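In structure tokens, one chain follows: the form predicted on its own.
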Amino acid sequence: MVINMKNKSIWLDIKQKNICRSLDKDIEVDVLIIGGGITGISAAYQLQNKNLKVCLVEQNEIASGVTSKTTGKISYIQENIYSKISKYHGIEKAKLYLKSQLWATEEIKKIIKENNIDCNLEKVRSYVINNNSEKYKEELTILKNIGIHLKESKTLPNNETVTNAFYVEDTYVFHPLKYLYALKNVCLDNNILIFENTKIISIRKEKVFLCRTSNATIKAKYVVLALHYPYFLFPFIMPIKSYIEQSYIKATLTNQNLNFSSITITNPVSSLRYHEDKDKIYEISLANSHITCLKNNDKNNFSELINQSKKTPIYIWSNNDIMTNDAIPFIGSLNKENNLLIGTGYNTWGMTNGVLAGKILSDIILKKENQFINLFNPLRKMNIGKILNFPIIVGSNCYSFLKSKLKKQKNWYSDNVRFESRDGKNIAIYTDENKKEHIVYNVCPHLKCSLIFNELERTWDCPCHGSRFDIDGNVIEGPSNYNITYKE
């Protein structure tokens, strides 16, 4: 589409120095953490030196999933989340959520300082911009009522004029992968077992959990599901408690670091931050956020993002976020024994909530008090706000499934993408620039939705629940735990 443009996240342009081997023999541990993103690594870090044998497994490489696609903001002002929480749960829960985000911000700063981590941490002013006066006023009032000192402005530091905006001075941005790679090494130095390219295929509960990979079995007293979209969770029924929001991000070279970040308060969300590394400064912007089932034309969505400015992006990529139906993440225990734990559903604010989840989950395992456990309890009861959102979430999931089945050959596909039926199986074929055919089964193994081809990133994406596969059918992101590789 554009010459010299890299179709991947800017954060992925650095490499890990020490990839851990995959697990090839049976082991027994106290705690198994499944997932090597911000949540999994944070939980492992909090459990180090606690007289527990801890193992973390990642199906690909550490931090190669959703964490690698974030914009890397560390902020406690988050669109209009406080007015949502206040509406669904009351003002006291909104105050507690604020306290949790402030705690997580300080924890990140503390970890960086104590471990001397070079991850481009930078203090910035953060703006929330009005494009809906009612929601803007609601959020402004709630934030003031819960004690946040805000300032208002009609002009951003880049001289852009806005209808209204409020801002705070004490938020941060950083390089998320530099942070996680350093934290991984700290964990390894403190005897945390880490295995990469190790996929958990099944979990069975007996006296302990038996977690099977393709080559080995892990016995564990505790299992932490630090996955973007957790599988093995039929009783939890994620599809009726959340939906997937997709967004598109670009990094463009610019001349000046203006030291601020911004985000709009309604969908489609627009977000901005700056990143300075060595002799280059990038403007990182996010746009076109939407429920995955509603705008499947990735080619058009990327084109709209690129055409927002005259500058050619250096990096461009997309991301999926899990949005919960009551604006609060799912962090905590899934059973009365408190030995099956989960951290997910961060509503696009994964950096603070992932670090927070690491602390909450480790405290549950260590049987320590934590003031935030009840707020984030994944088994919390339905309330009026959640009931009102229930038809929307169920409807979007049903719509996603039906729409994926009606027309597979989308009108925006190039001639390099086609669909066929072989031996009673639906397959999809992508022909690359070298005329090589890449053939996959065109059904997501998770809940059987048909897949959409993302031609810019060259991935097969599930429009229902966000599974992603490479052009040869290998799973990149869940909830699918299986490949779609075609075998003749």
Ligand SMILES: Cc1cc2nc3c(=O)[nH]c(=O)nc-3n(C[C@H](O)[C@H](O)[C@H](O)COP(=O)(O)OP(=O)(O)OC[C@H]3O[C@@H](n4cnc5c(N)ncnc54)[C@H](O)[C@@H]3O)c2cc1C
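This is a predicted model, so every value here is computed, not measured. We number the residues from 1 along the sequence you see.
The next section is about a form of this same protein that is not shown, the form predicted together with this ligand.
This chain is drawn without this ligand; in the predicted bound form, the residue among 31, 44, 57, 451 with a heavy atom within 4.5 Å of it is 57. Taking non-hydrogen atoms only, residue 171 never approaches this ligand to within 4.5 angstroms in the predicted bound form. When this ligand is considered in the predicted bound form, residue 321 lines it closely, a heavy atom lying within 4.5 Å. Although the partner is absent here, residue 95 is not a contact residue: none of its heavy atoms lies within 4.5 angstroms of this ligand in the predicted bound form. Among heavy atoms of residue 184, none comes within 4.5 Å of this ligand in the predicted bound form.
Of the candidate stretches 453-461, 425-433, 44-52, 58-66, only 58-66 has residues with heavy atoms within 4.5 Å of this ligand in the predicted bound form.
Of all the residues from 186-216, those having a non-hydrogen atom no more than 4.5 Å from this ligand in the predicted bound form are 198, 199, 200.
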